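In the block that follows, a single chain appears as structure tokens, in the form predicted on its own.
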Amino acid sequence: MENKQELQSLLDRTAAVCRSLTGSGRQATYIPELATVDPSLFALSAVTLDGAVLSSGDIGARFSMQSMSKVMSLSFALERLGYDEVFSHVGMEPCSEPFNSIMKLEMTSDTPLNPFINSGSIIMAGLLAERLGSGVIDEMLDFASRMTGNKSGLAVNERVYRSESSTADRNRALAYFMHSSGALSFEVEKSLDLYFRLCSIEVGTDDLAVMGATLANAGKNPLTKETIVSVDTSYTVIGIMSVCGLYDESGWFAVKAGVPAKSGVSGGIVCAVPGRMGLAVFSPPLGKGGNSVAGVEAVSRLSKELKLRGI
């Protein structure tokens, strides 16, 4: 059982130190709407498995999930379609190329290495759109709301969605290449549209920390006590987070912080520490690998202070 007073004090100290790093890195300007976010924002949340929600910093900040939505969509796909169906379309191996790279696909004409890189997530979106039809986004928003314990319900930020959809040449190139090679057997624009909408779901660090805690709690939301996903799904998603969660910096992050995590180019990182807690941090400026500079430092400090590593 975590000591709540000590944990809150640690979050406050960590936020005070890591906020100074918000001047490092650069925001993701290739999605114009992300470039309008205040780069000085910093928020940090922790959710314990007995349901305490603790936060520090700019806790009212809202931002798009971007690639952090892939944690939710993989969980949803595993629950609705099953393990065998999901992993017949994507692999589960780490990738040494950037998250939006086309090189590995072009070299092998094979399926994407994992569901967390853009090519793999686009295929997941196409699979879900094909199998579940036009109502899939509403079903996934409901699932995301339950997974995060957000009683008001999560929604797509339409400005981010339009910004992302209108500037997505790289993702369109990936999708059409996969379609030409047979890796993406679903309708390209429907696959991309769902992918963009999922990336544009708006959250706060408290939502993400609850999502991480739900996985860390073997699939049971610690706030609502509802079982959202099976134990097997939570194990699978946490495993993929451990080896693929921070793009081509996943190995470096595993050494530096040692906790299962997933980042997004909006500047967020969500962590699921099995048997302990969920963590989330938001700070928009990114390093060269597309991960939040201040966010990585915050998670690393918390991991060390709280002894969150598995060994």
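It should be emphasised that the depicted structure is a prediction, and the values quoted were computed from it without experimental measurement. All residue numbers refer to positions in the sequence shown, first residue = 1.
Not on display, but discussed next: the form predicted together with glutamine (GLN).
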item: Contact residue in the predicted bound form, chosen from 48, 45, 66, 250 - any heavy atom within 4.5 Å of glutamine (GLN); value: 66
item: In the predicted bound form, the residue from 191, 217, 75, 118 that sits within 4.5 Å of glutamine (GLN) by heavy atoms; value: 118
item: Exercise: residue 264 in contact with glutamine (GLN) in the predicted bound form, heavy atom 4.5 Å; value: yes
item: Contact of residue 273 with glutamine (GLN) in the predicted bound form (heavy atom, 4.5 Å); value: no
item: 4.5 Å heavy atom contact, residue 234 to glutamine (GLN) in the predicted bound form; value: no
item: Contact of residue 257 with glutamine (GLN) in the predicted bound form (heavy atom, 4.5 Å); value: no
item: Triplet 31, 195 and 199 all within 4.5 Å of glutamine (GLN) in the predicted bound form via a heavy atom; value: yes
item: Partner-proximal stretch of 264-272, 277-285, 36-44, 54-62 relative to glutamine (GLN) in the predicted bound form, 4.5 angstroms, heavy atom; value: 264-272
